[in-house]
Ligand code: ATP
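Next up: a single chain in structure tokens, the form predicted on its own.
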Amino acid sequence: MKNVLTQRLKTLPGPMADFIRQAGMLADEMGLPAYLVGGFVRDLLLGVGHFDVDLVVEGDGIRFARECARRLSMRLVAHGRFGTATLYGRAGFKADIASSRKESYEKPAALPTVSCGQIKDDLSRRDFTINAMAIGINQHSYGDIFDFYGGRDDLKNRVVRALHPLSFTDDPTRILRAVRFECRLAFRIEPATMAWMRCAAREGMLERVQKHRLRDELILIFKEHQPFGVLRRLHDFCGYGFISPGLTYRRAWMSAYAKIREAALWFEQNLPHKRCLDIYVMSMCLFFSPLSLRRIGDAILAYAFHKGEGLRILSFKTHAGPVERQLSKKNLAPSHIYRLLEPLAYEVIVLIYALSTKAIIRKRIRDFLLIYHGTRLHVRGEDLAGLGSRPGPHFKKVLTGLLYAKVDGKVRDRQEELVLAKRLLERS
């Protein structure tokens, strides 16, 4: 196994492999045992993609991270309260570095009390056996695997297994994580772990955990490649009552998500100059849409979703129906379409497009994104002043009227804009 892992470490992307090798050499210099841990090890063993490096050292992790940053010219963000740090490399990857530690829980669902520990202690606090393995990177242990809890066997058998019966009482967010890993990896939650999860859910552990921690786990679910498969499994397991009363799974979500992905791909291919869509936010809009506006607002407030996420979720609930009804009307001027869609975020517009079954609505949204959106005037406020009008609030009205006229094709160039501007100023 050591030879296999050593070879796999060598086949990592160049900057990442180089960072791991140099971090191991620095750990030797500083006399610190150092290990790759967590999901990085799991994915390395599975032979799937690698994203971020997760390192643990037996000793002062922040001091080690600072020295790594200095030696390797990386940007450092330290989290002194937690004894962790994040390094950002020029090649676009990041490395999380922590001191190995033990954890104890004073009461269920509380944040743990942390103290220094060895690598076995650190691995024992992990959520599942498949995430509780480490690989040494010091010279004497490079490529050695440390697997105290049967993680390799569970990977081989495609099993998600918690480390002990109180795992989900100590940290109820692991319920969401178990379902997420089960669906993402096409594994199965083993029977004892399932029983411990059900027991914690029946005892209301999810309702007792801090909302922001649940929020982070929910967002990770929405960022999965197939989030509604995970959400269906979660609903079958414990429902959504801990998120919001009355929220339940909708079978139509699975087919709707396929349409979202298709629409997002169309957006990316046809509008590559626009910012990337947050597809996970579109999934959140769909998920919360069956709730009333008040309940959505309550959930956003309780879970402290980021402002941009909350605004787009509320916007979809508020505007999707009225916008669809307006867009389905006959003889709609381009400027009317512009006024309807311009204030909305791309995610809301593309979600309406993806879910609509009416060809006229989809065409009008395409026309907005490809033709009307981004229309710019040649004439500005100073040009209006040059026509002999004193600046004031009416300038905005005139410029808006000009913009709508341009969207409708009534003016095409600067000269035509100035002619119309003069007429509009005379009326204002």
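Just so we're clear, the structure is a prediction, and the values are computed from it rather than from any experiment. Just count from 1 along the sequence shown to find any residue number.
The form predicted together with the named molecule is left out here; the points below concern that form.
- Although the named molecule is omitted here, in the predicted complex none of 334, 367 and 406 has a heavy atom within 4.5 Å of it.
- Using a 4.5 Å cutoff between non-hydrogen atoms, residue 99 does not count as a contact of the named molecule in the predicted complex.
- In the predicted complex, none of the heavy atoms of residue 267 sits within 4.5 Å of a heavy atom of the named molecule.
- Shown alone here, residue 38 lies within 4.5 Å of the named molecule in the predicted complex, counting heavy atoms only.
- The named molecule is not shown here, but in the predicted complex it comes within 4.5 Å of a heavy atom of residue 177.
- Only one of the listed residues (161, 317, 215, 126) places a non-hydrogen atom within 4.5 angstroms of the named molecule in the predicted complex, and that residue is 126.
- Shown without its partner, this chain lists 154, 171, 182, 309 as candidates; in the predicted complex, only 171 has a non-hydrogen atom within 4.5 angstroms of the named molecule.
- Figure note: of the listed segments 39-47, 56-64, 388-396, 375-383, the one touching the named molecule in the predicted complex, with heavy atoms no more than 4.5 Å away, is 39-47.
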